[in-house]
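Given as structure tokens, the chain that follows is alone and in the form predicted alone.
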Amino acid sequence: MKTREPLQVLGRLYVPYANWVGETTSQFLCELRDKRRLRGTGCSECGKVFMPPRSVCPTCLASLETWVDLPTTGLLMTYTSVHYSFGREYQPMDPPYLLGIIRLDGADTGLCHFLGETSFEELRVGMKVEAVFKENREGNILDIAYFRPIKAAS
């Protein structure tokens, strides 16, 4: 029997798909889109508030059925700048851009999101920030355009 070398064809495969995000995330995204409202889930067992919302508490494994309204303000816990590109289909904007982890006031966990109306040099851990919503919202996390620093009154 004659053996052959395997044929290898290099290329890129694009597979479009729809992703079901579940009941909890769906409700969260609908609130963002329709009401510009940030809501987390609260644990009735240990008292923690999760943002982004979850359906199960990772601390005590209780079911999270209580919704908690959160303000659009919070603290910047950490931040970085992104200067590389790995494809526009995977990044919602072209670099360079700023990312931060924001712990909304009243929440116990952080939300990773874009930072805007600022520079890397102006950012500080612990600074107060607020959400800026897009005018035309579509029902995804990018309905929050970015978080910007809250300027102290002089």
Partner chain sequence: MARRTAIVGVGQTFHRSRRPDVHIGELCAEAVKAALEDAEIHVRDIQAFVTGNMELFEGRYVQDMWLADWIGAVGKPGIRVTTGGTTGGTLASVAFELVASGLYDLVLAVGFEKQFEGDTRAGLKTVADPLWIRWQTTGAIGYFSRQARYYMKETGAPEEAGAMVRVRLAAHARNNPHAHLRLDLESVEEVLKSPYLIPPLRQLDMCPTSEGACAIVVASEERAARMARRPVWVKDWTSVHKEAIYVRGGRHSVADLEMAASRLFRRNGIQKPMEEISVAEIYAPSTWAELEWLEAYGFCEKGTAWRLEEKGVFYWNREFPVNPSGGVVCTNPIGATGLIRVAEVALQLRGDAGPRQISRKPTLGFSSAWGGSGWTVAHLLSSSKD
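Positions refer to the first chain, counted from 1. Note that the coordinates shown come from a computational prediction; the quantities given were computed from them, not determined experimentally.
Here the subject shifts to the form predicted together with the partner chain, a form of this protein not shown in this document.
With a 4.5 Å cutoff on heavy atoms, E23 counts as touching the partner chain in the predicted complex. The closest heavy atom approach of H113 to the partner chain in the predicted complex falls outside 4.5 Å. In the predicted complex, the partner chain lies farther than 4.5 Å from every heavy atom of R39. The partner chain in the predicted complex comes within 4.5 Å of a heavy atom belonging to E45. When you look in the predicted complex, the only residue of L99, V125, C60, M93 with a non-hydrogen atom within 4.5 Å of the partner chain is C60.
In the predicted complex, the partner chain lies beyond 4.5 angstroms of every heavy atom of every residue of 124-144.
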